[in-house]
Ligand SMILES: Cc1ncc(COP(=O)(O)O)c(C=O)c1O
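Take a look at this one chain, the form predicted alone, written out in structure tokens.
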Amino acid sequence: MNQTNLYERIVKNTETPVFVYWQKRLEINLDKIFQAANRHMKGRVIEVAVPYFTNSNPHLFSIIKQKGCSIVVQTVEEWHQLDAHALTDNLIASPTVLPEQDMMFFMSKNVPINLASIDDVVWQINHFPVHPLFVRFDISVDSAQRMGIKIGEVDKLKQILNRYNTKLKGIHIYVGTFSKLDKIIRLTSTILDLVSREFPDIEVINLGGGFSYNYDKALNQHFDWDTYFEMLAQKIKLHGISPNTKFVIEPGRDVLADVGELILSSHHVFWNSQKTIGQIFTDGSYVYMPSATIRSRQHQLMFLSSQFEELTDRSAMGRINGCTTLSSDFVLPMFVEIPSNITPDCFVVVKDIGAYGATQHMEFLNKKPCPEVLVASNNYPYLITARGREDDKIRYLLTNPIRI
């Protein structure tokens, strides 16, 4: 069954709007990372840990887990969601400075926490002295990240470790969302220099996330993993990092972005007098994917006829409208190229919405959550989240996927 036939089958079984995820793309994205690591990091242990909040659908994270990845959580609620699907045996907690009850919970479940303050370090030593100790450093140029032990606090941290006769097991950093490669290289050098000087026996270096994904280009959208791991191998050698040190990376957007799409139905199309600028009114809304508006980000689009044939013409410009009364309810924040032959019964497929799409559904405007469908590797579609009801705003995640 080809892609457009699958779209037709999904729409006829779920109606629109509907999110669709492709298992093969997810597996390919992870394989690219592992293959690049194997090419450049021979003999090194590399762990890929995918942040759960990037998509927050356990059915996708079951696939991610099967590919040998761990999962990054930030809240107790996320632990419970994953526990309902038996996915809590290999987690990393990378939160902000936590309330004591949350730290107590994660520690009781043997989930290591990347502690973001000196106070939290002291708390763990006093309450869970046998648990391995991990910390998060803020290594930004101006130490302006809202969480993380600052470089100026390293001496104080070492004094505390000496006082309690305790060692750090791991160090975590975060370079920042959408970081370019030059920034990643600079901050990688900073943390490896710090490790080689202050913590040469560290067992784990977690280089965090922030790996960019280009939404604007039709080609070369993914992060350059070959260049990254080639650079990392060179930096490791330069700084003399122990061969026993494990490295962890936390890619989210690059893993999941092009895995997901949002299918909308159009119901009206209005044109200006020259038929060069159109207004396409759909059953969508920006509340289904607010990150596009927040980030002023354009997404690639596919247009399908009522018979699910692709419309390839892009000779006109237009706006993709939502269906609420809000004057600024545009699915995408900008004018886009649209087919001049689009009709009110066509479909609009918004690409690259697998990261921060359905998981960011807003309750504002009271739109019920969309269903979510996973196209498995065998090309069979499965409903993994039912459409929200008319009388509440709850996302109905299914325990057992339903083949449609």
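Each residue number is its position in the shown sequence, starting from 1. None of these values were measured; they are calculated from a predicted model.
Omitted here: the form predicted together with the ligand. The next part is about that form.
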If the criterion is a non-hydrogen atom within 4.5 angstroms, does every one of Pro290, Lys367 and Tyr396 touch the ligand in the model of the complex? no
Would you mind picking out the stretch of 203 to 211, 305 to 313, 161 to 169, 326 to 334 that comes within 4.5 angstroms of the ligand in the model of the complex, counting non-hydrogen atoms? 203 to 211
Residue-level contact is defined here as any heavy atom of the residue lying within 4.5 Å of the ligand in the model of the complex; does His299 satisfy this criterion? no
Heavy atom to heavy atom, is Gly322 within 4.5 Å of the ligand in the model of the complex? no
Tyr356 versus the ligand, in the model of the complex: is there a non-hydrogen atom within 4.5 Å? yes
Quick one: does Thr54 come within 4.5 Å of the ligand in the model of the complex, counting heavy atoms only? yes
Can you tell me which bits of 238 to 253 touch the ligand in the model of the complex, meaning any heavy atom within 4.5 Å? Glu250, Pro251, Gly252, Arg253
